[in-house]
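In structure tokens, the next block holds one chain alone, the form predicted alone.
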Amino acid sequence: MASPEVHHLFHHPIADHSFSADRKALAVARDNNVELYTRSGSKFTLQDELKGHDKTVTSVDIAPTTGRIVTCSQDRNAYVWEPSPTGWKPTLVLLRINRAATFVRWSPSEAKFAVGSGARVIAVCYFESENDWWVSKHLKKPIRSTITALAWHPNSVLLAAGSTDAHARVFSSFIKGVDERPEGSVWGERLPFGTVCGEYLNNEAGWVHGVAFSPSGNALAFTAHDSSVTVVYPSGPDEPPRAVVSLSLQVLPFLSLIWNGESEIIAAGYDCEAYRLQGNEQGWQIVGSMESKGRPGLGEMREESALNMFRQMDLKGKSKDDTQLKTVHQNTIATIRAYDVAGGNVKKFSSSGVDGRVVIWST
């Protein structure tokens, strides 16, 4: 396995990151701004800053085809940024929420995007050309708490949401005049806006941190704060699922997960490293970590002199500070995203976290 490509951008938490379609640009949420980096050689250099929010930016997403950037923040606003000759031009989105916006993602069609919030609603936003602005429709029932994560189905109509009320739900976000009528699937046939196509409770009532549809859209995985990963295989509309496989793990909880094909999931979170899980309807299991534990940076550390060693023993009661983790990330991984995908299989994925690093991994 190729060694990961590590970019230590700054000593500050990264709430979210997103790469452009050509992988030459990187958007990173840092404090109240979004920093845009461009690849020069083997590293990323700061190119621009998107300033418009006045509280912490919680999420950012770059649309692969149009290149538009959507950002959302604890200031209850979302902006769509479009490139113009004078720089990036922001357009305010009418979210109509009274709590922080927590998560945003473009739909695969790029005709709309969804914003999760602490106001117990999901704002599904689309462009209204006659008024030249972005407006939103709200998914409300039966959400009872903050939305922590969102994921789009490949058909751009179904939307999965994880929440702090311990539920993962699948909604229809069909908007007439924006979406083409989707073909029937295991999630349902006729899907007016707001239809709840599935609602799944975490066994221990733990917060749901991450949700993801499989590449076919016929399975849903979610991870929760009880260190579990649950995979749901629906059987059809208004029928109980064909299988619900819940896997409790002996690691710290995951915060984010992606599918690699239909039978593998890559997940990462508080353990500061990414893990590989494999399985099917019969059962899932954790296969192991994505990294081999040769502690990074230890090779370069020179041997301490005997005098220095005894001085450290005298001062601190130990000869060496072991504050560096054996993992590539030195703190919680907040987000993992597919970086290079071919036919539903992830060749590379990227991760970012509280340590200010963005890392590109080969699977």
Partner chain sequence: MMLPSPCSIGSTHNSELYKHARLYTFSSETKEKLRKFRLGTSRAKDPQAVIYQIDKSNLEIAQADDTVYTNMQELAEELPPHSPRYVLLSYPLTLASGRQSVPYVLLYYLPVTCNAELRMLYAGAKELMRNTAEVGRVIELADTEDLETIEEKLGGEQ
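Residue numbers count along the first chain shown, from 1. Since we're looking at a predicted model, the values are computed, not measured.
Here the subject shifts to the form predicted in complex with the partner chain, a form of this protein not shown in this document.
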Answer key: of Arg144, Arg190, Arg99, Arg96, within 4.5 Å of the partner chain in the model of the complex (heavy atoms) is Arg96
Candidate from Glu199, Glu82, Glu262, Glu128 lying within 4.5 Å of the partner chain in the model of the complex - any heavy atom: Glu128
So in the model of the complex, does any heavy atom of Val135 sit within 4.5 Å of the partner chain? yes
For the partner chain in the model of the complex, the stretch among 279 to 287, 114 to 122, 135 to 143, 249 to 257 with residues bearing a heavy atom within 4.5 Å is 135 to 143
